[in-house]
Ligand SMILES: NC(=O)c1ccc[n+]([C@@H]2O[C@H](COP(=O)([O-])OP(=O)(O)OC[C@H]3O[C@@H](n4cnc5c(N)ncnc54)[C@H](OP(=O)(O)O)[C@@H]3O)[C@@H](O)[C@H]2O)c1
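Below sits a lone chain in structure tokens, taken as the form predicted alone.
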């Protein structure tokens, strides 16, 4: 039987998921409910059916992927209840939206899985955290896993409180790497390089270092020590980072992101 998947919302993450699912064999039947008709053509080109009617999309689906902005969820999700049946599974990718809140907007016993993917999913190397709600089964978790696994790695957790930490580390994580790249490029330009030269130096160094790290089995400490000769240039640079409490800074940053996720969940 062909799995019928409906997306409520047609933003960047929904686009990435639809593109990945459309390439699967067997291919699921895909529907995207998106209020902006200008976005429909891109989904139709991927073989998806499009609509502006959320209720109609839900009525014809086995799995509903909630891909809207968190702030509009109180207006959108209760409107899905009228066409909800016990055979349906909701997979939510809303940051800071606990399963209990989503379940409360749907009929009693609604099955919900909460997911936190990140943007590299768009190029097939995403990281997604998953947890099931009170009424979802292990089979439901496996179904949700199958949506994201073809586009990266999946980590299942049993304690939903850990989802805010996953959001802090991997959900928001790409922005940290991008910010670091920005800082290195700016610093290289401060040493006299043009922007193109700085991008080449930082980009290739970053690409090579990351590949080297992964192929080492993520032996970051060993590789760092290999590059760092006592009293050398690398040691001088790393000493400045140590003085700035580089590790402590990131711990503080991740805790701030986790705390914000918990605040959103209470709203």
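Residue numbers count along the first chain shown, from 1. Predicted model only: the values in this text are computed from it and were never measured.
Although not depicted, the form predicted together with the named molecule is the subject of the following passage.
Peer 1: In the predicted complex, does residue 68 come within 4.5 Å of the named molecule, counting heavy atoms only?
Peer 2: Result yes; residue 68 sits at the interface with the named molecule in the predicted complex.
Peer 1: Is residue 217 close to the named molecule in the predicted complex, meaning a heavy atom pair under 4.5 Å apart or at it?
Peer 2: Result no; residue 217 lies far from the named molecule in the predicted complex.
Peer 1: Does residue 54 make contact with the named molecule in the predicted complex, using a 4.5 Å heavy atom cut-off?
Peer 2: Heavy-atom contact with the named molecule at 4.5 Å: present for residue 54.
Peer 1: Can any non-hydrogen atom of residue 9 be found within 4.5 angstroms of the named molecule in the predicted complex?
Peer 2: Answer yes; at least one heavy atom of residue 9 falls within 4.5 Å of the named molecule in the predicted complex.
Peer 1: Which one of 122, 188, 181, 95 is close to the named molecule in the predicted complex, taking close to mean a heavy atom within 4.5 Å?
Peer 2: Among 122, 188, 181, 95, a heavy atom within 4.5 Å of the named molecule in the predicted complex occurs only for 95.
Peer 1: So, 18, 103 and 111: all three within 4.5 Å of the named molecule in the predicted complex by heavy atoms, or not?
Peer 2: The answer is no: none of the three residues contacts the partner (heavy atom, 4.5 Å cut-off).
Peer 1: Pick the stretch from 152-160, 135-143, 68-76, 191-199 whose residues have a heavy atom within 4.5 Å of the named molecule in the predicted complex.
Peer 2: The contacting stretch is 68-76.
Peer 1: Could you run down 109-128 and flag each residue that has a heavy atom within 4.5 Å of the named molecule in the predicted complex?
Peer 2: Contacts from 109-128: 116, 117, 118, 119.
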